[in-house]
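Okay, so here's just one chain, in structure tokens, the form predicted alone.
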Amino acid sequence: MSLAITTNLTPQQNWLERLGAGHIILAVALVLYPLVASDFFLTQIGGYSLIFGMLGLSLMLLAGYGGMVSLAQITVAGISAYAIAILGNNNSNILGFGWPWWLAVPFAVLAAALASALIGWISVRTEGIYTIMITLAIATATYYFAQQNYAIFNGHSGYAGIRAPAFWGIGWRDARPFYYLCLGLAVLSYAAVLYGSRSTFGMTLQAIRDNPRRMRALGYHVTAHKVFAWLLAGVIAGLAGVLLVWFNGRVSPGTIGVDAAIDVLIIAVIGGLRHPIGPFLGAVVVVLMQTFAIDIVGAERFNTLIGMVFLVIVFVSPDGILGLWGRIKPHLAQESLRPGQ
């Protein structure tokens, strides 16, 4: 009885309290960022980080909540990017059916999601290093298939001359509109993953990650849940692929190479796999390093510098930047409780 009274007296949180101060401050900062940033920082840093953050988010959904580490997320994004080039317009004189963007984009994302579900169905019965190896093999095979196929993928050259659409009187290729487009889709993907992780499906997926045998004994269809997670991750990677081909204006086998696949893994690991914000933090660090490391150590050694930063972060905090913040935060809280602080 007393428990019932206590429960009834528990104050209900409004939507601002549920959103949290951190999310509100971050959202305001990201919305106001174009007021102080140049076009270069809007697109090359802001937009590019959000795109790779979405790719890392799709990997985080699989690895963090499902325990399935994939090296094929850039492959899924590449399928979406190639679909935009083939279904829409390009200047390579190969294919290019001229579909409007509002028809090509849903088909591209659907193709990416179905391809991701197929990859998941192939690899879902494996665990750990075997899942990594299977997805790496799929990514490598797709790269060479695209490079050697001229009828569909235009071989090594790929497709160029792909432009973001203009509608509602806005040219979405311009720096500020493109940044807000990336921000809108990134926020939508982030909110969907965060909400999904707290849903019945998300909790079930995490329980399957921790003990699949017990969940199977309880009557849950483990394989179906894992494949559905791959499908959802494919939707996010597909959206990132659309933004990536609009950002670069082209897509080629180099876009879906093994180097790019490893970059996505590095982004997710540096940021942390315990929360959806982690991949976006990792993307900012990696994009800044890729952009400015050449100026610091030269073109021949910038990959070495990126590798050393990656090793330092992983050595200091195996959980990435999120793990590092988790260690610092209690000390900051204790400092604030001291008298006179």
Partner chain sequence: MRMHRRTLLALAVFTGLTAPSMALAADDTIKIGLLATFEGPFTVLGEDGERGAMTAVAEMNGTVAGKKVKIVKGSSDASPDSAVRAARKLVEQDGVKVLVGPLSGDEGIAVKDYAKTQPNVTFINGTSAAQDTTLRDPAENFFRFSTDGAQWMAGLGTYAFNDKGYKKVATVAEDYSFPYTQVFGFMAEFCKAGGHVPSKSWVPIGNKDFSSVIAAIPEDVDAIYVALGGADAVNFLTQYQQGGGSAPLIGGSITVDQTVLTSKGKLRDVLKGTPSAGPTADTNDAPAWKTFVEAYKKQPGAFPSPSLFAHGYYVDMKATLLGLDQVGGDVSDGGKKLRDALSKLSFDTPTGKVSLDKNRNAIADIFLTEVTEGADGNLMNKLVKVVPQVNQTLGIPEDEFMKLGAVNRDNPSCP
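Quick caveat, the model's predicted, so the values are computed rather than measured. Numbering follows the first chain given and starts at 1.
Beyond what is shown, the protein has a form predicted in complex with its partner chain; the following relates to that form.
> Give a yes or no on whether every one of Gln44, Ser157 and Ala160 sits within 4.5 angstroms of its partner chain in the predicted complex by heavy atom.
Yes, each of Gln44, Ser157 and Ala160 comes within 4.5 Å of its partner chain in the predicted complex.
> Pick from 268 to 276, 22 to 30, 36 to 44, 60 to 68: which stretch has a heavy atom within 4.5 Å of its partner chain in the predicted complex?
Stretch with heavy atoms near the partner: 36 to 44.
> Examine Pro212 and determine whether its closest non-hydrogen atom to its partner chain in the predicted complex is within 4.5 angstroms.
Output for Pro212 is no: heavy atoms all beyond 4.5 Å of its partner chain.
> Taking 4.5 angstroms as the cut-off for heavy atoms, does Tyr48 touch its partner chain in the predicted complex?
Yes, Tyr48 is a contact residue.
> Test of understanding: in the predicted complex, would Phe247 fall inside 4.5 Å of its partner chain by heavy atoms?
Output for Phe247 is yes: heavy atoms within 4.5 Å of its partner chain.
> Answer with yes or no whether Met308 is in contact with its partner chain in the predicted complex, where contact means some heavy atom within 4.5 Å.
Judged by the heavy-atom cut-off of 4.5 Å, Met308 is well away from its partner chain in the predicted complex.
> Which residue, Thr223, Gln147, Ser197, Thr140, has a heavy atom that falls within 4.5 Å of its partner chain in the predicted complex?
Comparing distances to its partner chain in the predicted complex, the residue within 4.5 Å is Gln147.
> Between the options Thr255, Ser189, Asn90, Thr135, which residue brings a heavy atom to within 4.5 Å of its partner chain in the predicted complex?
Going through each option in turn, the one that passes is Thr255.
> Using a 4.5 Å cut-off on any heavy atom, which residues of 266 to 297 would contact its partner chain in the predicted complex?
Residues within 4.5 Å: Leu288, Met289, Thr291, Phe292, Ile294, Asp295, Ile296.
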